[in-house]
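Presented as structure tokens, the chain that follows is alone, the form predicted alone.
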């Protein structure tokens, strides 16, 4: 250990010798990555609470000073997004639950139950993962608008539900589309988890006389909670932030059923230019539901990742 000399002066040589260079390097890396991730976040927050003039005249990461500070950006963005928030949630929540639950069931049937043509069906799910959105946009629009206009058929029924309006029926085809498109990737994710489970779980259930359905409901489903947390967060984030299907089926940011992803690009834009403070405020508000979901399922998410590893 370094000690000061009897005269009270520091022994520089001993102090340098005691310094652990490896630990110093680790701290330096931590500080570097903290800055790498936090500086853009701090810059975004500062931009969100600045007036447009302050944004133009100050450094991006500098805090607002005097009249450059405003909360009006957040208030304006919240007013613009309030309706689309509701649209996004009533679209994302049922679509996520449906695709995750069906994906879990399909993975169980393709992994822990033996039956003919199993591999052929599994290959169809794998192919479904790689079908690009752009390849199905035109047939999708024709199907939901001309061949099977489900939204128009159920509009009176949706309008009779409390807190809902008739135009919310336009979101039902979008929900079904996201469920169908999300099942393949959810199935593949759950299958990798079920392959790690011992077959003795299913065999023990069969010996006790349980059916395939009962084994899934009583044994497989309870032990799949961590994986449900991972897949639910992943799928909700994908659906909530999706743009192409929403733009094709809801058709524009001025539609009353438009979700957040359609409304967000138009906020803060005008003929005189872009108000970056308003746009940044809207971007932060749009990210709030996914952040709440990550916090709510953080424990299950961490367990699921450890299980996957």
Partner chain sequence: MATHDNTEHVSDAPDEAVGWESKLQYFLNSDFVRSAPYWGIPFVLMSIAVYGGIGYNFAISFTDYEGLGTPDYSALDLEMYAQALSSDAFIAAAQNNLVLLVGFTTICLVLGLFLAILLDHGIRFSEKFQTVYLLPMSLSFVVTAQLWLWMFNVESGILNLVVTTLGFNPVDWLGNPSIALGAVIFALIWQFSGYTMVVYLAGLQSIPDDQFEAARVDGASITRTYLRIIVPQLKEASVSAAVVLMVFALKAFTFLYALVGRYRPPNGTDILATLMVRRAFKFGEWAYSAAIATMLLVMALGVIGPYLYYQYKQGSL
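Take the two forms, superpose them, and find the largest set of C-alpha atoms that agree within 1.5 Å; that set is the rigid core. Predicted model only: the values in this text are computed from it and were never measured. Positions refer to the first chain, counted from 1.
Absent from the display: the form predicted in complex with its partner chain. The rest refers to it.
Just to be sure I understand the contacts: of 97, 154, 223, 121, which is the one whose heavy atoms reach within 4.5 angstroms of its partner chain in the predicted complex?
Of the candidates 97, 154, 223, 121, 121 is the one lying within 4.5 Å of its partner chain in the predicted complex.
By the heavy atom within 4.5 Å rule, which residue out of 75, 213, 82, 200 makes contact with its partner chain in the predicted complex?
By the 4.5 Å criterion, the partner-contacting residue is 213.
Thinking of 93, 168 and 190 as the candidate spot, does its partner chain come within 4.5 Å of a heavy atom on all of them in the predicted complex?
No, the candidate spot makes no contact with its partner chain.
Want to guess which of 67 to 75, 157 to 165, 102 to 110, 82 to 90 is within 4.5 Å of its partner chain in the predicted complex, heavy atoms only?
Correct option: 102 to 110.
Answer for residue 134 alone: is it within 4.5 Å of its partner chain in the predicted complex, judged on heavy atom distances?
Because a heavy atom of residue 134 falls inside 4.5 Å of its partner chain in the predicted complex, the answer is yes.
State yes or no: in the predicted complex, is some non-hydrogen atom of residue 264 no more than 4.5 angstroms from a non-hydrogen atom of its partner chain?
The answer is yes: residue 264 has a heavy atom within 4.5 Å of its partner chain.
Answer with yes or no whether residue 148 is in contact with its partner chain in the predicted complex, where contact means some heavy atom within 4.5 Å.
Residue 148: no contact with its partner chain in the predicted complex.
Test of understanding: in the predicted complex, would residue 138 fall inside 4.5 Å of its partner chain by heavy atoms?
Contact check for residue 138: yes, within 4.5 Å of its partner chain in the predicted complex.
Just to make sure I understand: among 156 to 194, which residues lie within 4.5 Å of its partner chain in the predicted complex, judging by heavy atoms?
Heavy-atom contacts within 4.5 Å come from 179, 180, 181, 183, 184, 191.
Please determine whether the C-alpha atom of residue 44 is displaced by 2 Å or more between this form and the one not shown following superposition on the rigid core.
It does shift by 2 Å or more.
After core superposition, I'd like to know whether residue 252 moves between this form and the one not shown (criterion: C-alpha shift of 2 angstroms or more).
No; residue 252 is a residue whose C-alpha shifts by less than 2 Å between this form and the one not shown when the cores are overlaid.
Checking residue 35 here: with the core superposed, does its CA move 2 Å or more between this form and the one not shown?
The answer is yes; the displacement is at least 2 Å.
Taking the shown form as the reference, report whether the CA atoms of residue 299 and residue 185 lie closer or farther apart in the predicted complex; the distance changes by 3 angstroms or more.
Residues converge in the predicted complex, at least 3 Å closer.
Are residue 299 and residue 242 closer or farther apart at the Cα level in the predicted complex than shown, by 3 Å or more?
Compared with this form, residue 299 and residue 242 lie closer in the predicted complex.
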